[in-house]
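In the form predicted on its own, a lone chain appears below as structure tokens.
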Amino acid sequence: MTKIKVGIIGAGRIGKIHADNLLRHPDVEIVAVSDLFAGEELKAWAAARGIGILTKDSDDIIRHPDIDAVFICSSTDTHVPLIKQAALAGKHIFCEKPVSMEIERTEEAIEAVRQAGVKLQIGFNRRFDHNFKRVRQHVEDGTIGTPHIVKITSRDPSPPPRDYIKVSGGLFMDMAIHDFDMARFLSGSEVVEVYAQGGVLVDPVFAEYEDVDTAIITLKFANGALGVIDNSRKAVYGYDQRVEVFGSKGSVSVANDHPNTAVVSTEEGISSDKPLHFFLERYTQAYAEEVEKFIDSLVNGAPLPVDGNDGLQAERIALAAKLSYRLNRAVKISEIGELRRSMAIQT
């Protein structure tokens, strides 16, 4: 069987994770990797994995005649032009989230993919987490009846550095966008209204970039259900990732993953290990599975589990949250276009 030949654009932390997962797949060959900062260290990394081409120019990936699919793991501002170029070249595309920070540009990318007839999967890895998949399954199966409330807790163990904060797009677009996708995924319904409140309680550096580090976001879904998301950039006890869906027949919830399940009970108290430290440890299996599903779609024609529209809808919710925070009121998804024009906001 002919292998799917892949090129990776961006060999930072996420690009390397995808590369290692792809290298374990029997139907995949990584032909080339590009990174603007490719040097001796990256050259050694590529050589150790048998990757023959390492370049600083993403065009070398796009133009390569043997490459079937491109993984876009570079900075967010490069996603749309790279998606367009890859689509025009007839390459299938896996792109990290978000597609962009401007809804119109994301729509342009999706349209380019449609016109080219190629596939586009967005890197919402949490959908593939073993815990969250089980919650979704119970909702689909009707185990808990009709969903009434979706609760999502998503807190990082420590805030990102200043250089990241100033280009991140803000908590709603950068961090909570995963939670907005999870809200759609777990509820099985679209979000129609968003109300966001936020504050700077962790580090004043966030205020310098008109950002927040702590937020509560409430959602209304088209099916009538309600949602609550709480975010923090700093949970001193570790990476806090929990969800619950409450419905007419019961509820389903999942707690954090831990290095082990040992609970020590003594006269002094009861203790256990902290949750797995951060997303690389927490979602190791999920990163592998999202790559597996993408390749399965290319090899066997299976439907994509997360497509461009999923990326677009999460961005719309993120924009509504950002507008809601600024306006201090609930914002309907249907009104974000008019609000953006009146406020001259680009995000």
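Since this is a predicted model, take the numbers as computed values, not measurements. All residue numbers are counted from 1 along the displayed sequence.
This protein has a second form, the form predicted together with another copy of the chain, left out of what is shown; the following refers to that one.
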query = Does Tyr164 make contact with another copy of the chain in the model of the complex, using a 4.5 Å heavy atom cut-off?
reply = no
inquiry  = How about Pro98 - does it come within 4.5 Å of another copy of the chain in the model of the complex, if we only consider non-hydrogen atoms?
reply    = no
Contact test in the model of the complex: Gly170 vs another copy of the chain, heavy atoms, 4.5 Å = no
inquiry  = Since only the chain is shown here, I'm wondering whether Ala255 would be in contact with another copy of the chain in the model of the complex (any heavy atom pair within 4.5 Å).
reply    = yes
ask   = Which one of Ala225, Val118, Ile177, Ile103 is close to another copy of the chain in the model of the complex, taking close to mean a heavy atom within 4.5 Å?
value = Ala225
note = Note: exactly one of Glu244, Glu190, Asp77, Glu107 sits with a heavy atom within 4.5 Å of another copy of the chain in the model of the complex, namely Glu244
ask   = At 4.5 angstroms, heavy atoms only, are Pro204, Pro305 and Leu312 all close to another copy of the chain in the model of the complex?
value = no
note = Here the chain appears without its partner; judged in the model of the complex, the stretch of 227-235, 179-187, 118-126, 85-93 with heavy atoms within 4.5 Å of another copy of the chain is 227-235
key: Within 320-341, the residues that have a heavy atom no more than 4.5 Å from another copy of the chain in the model of the complex   = Asn328, Arg329, Ala330, Lys332
